[in-house]
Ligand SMILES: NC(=O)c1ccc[n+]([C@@H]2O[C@H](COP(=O)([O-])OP(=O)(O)OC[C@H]3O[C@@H](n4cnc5c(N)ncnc54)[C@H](OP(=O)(O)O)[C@@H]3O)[C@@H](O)[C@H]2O)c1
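Just one chain follows, in the form predicted alone, and it is written as structure tokens.
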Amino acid sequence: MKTRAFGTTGIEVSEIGLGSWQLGRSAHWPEGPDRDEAVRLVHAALDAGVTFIDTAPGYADGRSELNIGSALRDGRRDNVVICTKFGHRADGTTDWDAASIESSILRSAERMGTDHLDIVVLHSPPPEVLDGTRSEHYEVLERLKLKGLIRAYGASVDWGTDVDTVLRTSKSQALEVRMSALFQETWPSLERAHDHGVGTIIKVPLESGWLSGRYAADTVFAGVRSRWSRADIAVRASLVDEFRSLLPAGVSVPHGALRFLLAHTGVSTVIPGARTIELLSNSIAAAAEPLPVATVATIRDFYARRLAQAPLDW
């Protein structure tokens, strides 16, 4: 596993990290791994060279951080960079009070059995919190950095305008940004973040299953995605099929999707989720070799033609 510099922070991270929003079995995620399986999954990631883990207090109803803590109790804490978040709590409620940041970080650190956290980001904050000219959240995080409780901070965002807001109004050194082969809106903003020396974490890289092979035109969705009509689903499936046709022979859709993101020099690490060791191993294998430059350009053109003017809700 190759590593990359996390901006100019002095932190090094593996190209493929472990996204752990589903690293636990809970009422809202009954298909998640139990504690023992979660520990095995984290250990498998570390053994394969993964050095970056992304989590949050609310992931798996709070089980994610606890399971990570269990996995790192064998003396492996110093071998991993941990990123967690502030804003969404384990009980499903939100708390954006800047005065709550330190206590939230301390609770996360306690759950994971550590005395400090490497990276903390505001978890998809509302506009009045994201904008550093309208809130004191980044100032609080800066004080906690100087105190030694965290090493870097920033925000988790979805749009290029959000990236620019963080760069313009704060001293953030970290950004967690949504981007995939089917959602490239943030591609140019990642270049600006790189120029600012900011480390970047790419979230939802496989579009929550569309680029992992989990869904197809005949998939029946429940929950929030049940709002999609059969025509909506067919459009999304056809886009995945078109993306597949752009890849070199022998390159799977998940591998092509992850290699495409790693082709961006502004990307520090990509965090596909993994419910099983098999899925984890497949994601790690994607980093073994790069996509050809011409293929990257073709995928960029595909997005410009098909999706840039009206990005889909995946």
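By rigid core we mean the largest C-alpha set that fits within 1.5 Å across both forms. Since the structure is predicted, the reported quantities are computational estimates derived from the model, not experimental observations. Each residue number is its position in the shown sequence, starting from 1.
One more form of this protein should be noted, the form predicted together with this ligand, which is absent from this view; the next part is about it.
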{"item": "Contact test in the predicted bound form: Y215 vs this ligand, heavy atoms, 4.5 Å", "value": "yes"}
{"item": "This ligand contact in the predicted bound form: S283, any heavy atom under 4.5 Å", "value": "yes"}
{"item": "Interface membership of K203, this ligand in the predicted bound form, 4.5 Å heavy atom rule", "value": "yes"}
{"item": "Contact label in the predicted bound form: Y59 to this ligand, heavy atom within 4.5 Å", "value": "yes"}
{"item": "Contact stretch among 272-280, 66-74, 241-249, 34-42 - heavy atom within 4.5 Å of this ligand in the predicted bound form", "value": "272-280"}
{"item": "Partner-contacting position among P127, G92, G209, G197 - heavy atom within 4.5 Å of this ligand in the predicted bound form", "value": "G209"}
{"item": "Listed residue (R236, K85, R111, H137) with a non-hydrogen atom within 4.5 angstroms of this ligand in the predicted bound form", "value": "K85"}
{"item": "In the predicted bound form: members of 154-186 within 4.5 Å of this ligand, any heavy atom", "value": "S156, E176"}
{"item": "Yes/no, P30 Cα shift of 2 Å or more between this form and the one not shown with rigid core fixed", "value": "yes"}
